[in-house]
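Take a look at this one chain, the form predicted alone, written out in structure tokens.
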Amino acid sequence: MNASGNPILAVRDLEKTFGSLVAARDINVSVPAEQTVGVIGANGAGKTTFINMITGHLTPSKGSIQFEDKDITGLPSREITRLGISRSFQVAQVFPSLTVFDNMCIAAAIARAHGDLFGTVTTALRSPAAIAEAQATVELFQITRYRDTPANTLPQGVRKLLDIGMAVVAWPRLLLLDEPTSGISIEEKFDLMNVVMSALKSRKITVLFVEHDMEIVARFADRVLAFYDGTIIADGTPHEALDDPRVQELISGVRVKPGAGAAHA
């Protein structure tokens, strides 16, 4: 909970339609501050629509979204970001020809920009504040050895860490991650998530992450929202949600023991 005792995010009766197609419906969720929520479901289940409505990339057809007691329903994505909600995408959104550090400096400058975005960013790109925050975030995500490496030559896992770090450099209170382990090898995925979750917990960031890998969900989520046919069919601890018969039948297809392997920090 935040200082007022209310959830950091409260979604009520959320719905999104595209003509006769109902992409999301009857979504009601309250998320306490600093909780880590795994969002699961098959392709087309409504997960991305849900995330896009929270971040302002889609306007809900019905319902409301409250963030820290403020109604953000239908606000532009830029304004929502300024209020303290950031996101990363399944495909890393980085400047490929620039170094890791320059990417991070740009993200830090954009986070502080108001009004004339281009002019402000150009002026602030090498400001002491942007440089300090960029350096701190590079260290936080343990990619200092790649500081001067162009992003287009990075290993996939490091590029993911850079992308998530660029979303975190603004010190959001709520972060939405879209398939953070997508494209990452089985050998790397747990190490990557350990770095990410440790960084986010150190900054007390509330997290919603969309993920198809049930082992990742079982190990790193405090809570799981399971989507099917545009709505939530299960909401509980990883044990409760992943053991739900409907989730096993419609989403996971297999039973995964929550907490398998080493516990996360």
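What you see is a predicted model; the values in this text were computed from it and never measured. Residues carry their position along the shown sequence, with the first being 1.
Just so it is clear, the following notes concern the form predicted in complex with a small molecule, a form of the same protein that is not shown.
- Among heavy atoms of Gly46, some come within 4.5 Å of the small molecule in the predicted complex.
- The small molecule in the predicted complex comes within 4.5 Å of no heavy atom belonging to Arg223.
- When contacts are judged by a 4.5 Å heavy atom cut-off, Glu179 counts as touching the small molecule in the predicted complex.
- Heavy atoms of Ile251 never reach within 4.5 Å of the small molecule in the predicted complex, leaving it off the interface.
- Looking at the small molecule in the predicted complex, residues Phe18, Leu21 and Ala42 each place a heavy atom within 4.5 Å of it.
- Checking 48 to 56, 65 to 73, 199 to 207, 28 to 36 against the small molecule in the predicted complex, the stretch whose residues place heavy atoms within 4.5 Å of it is 48 to 56.
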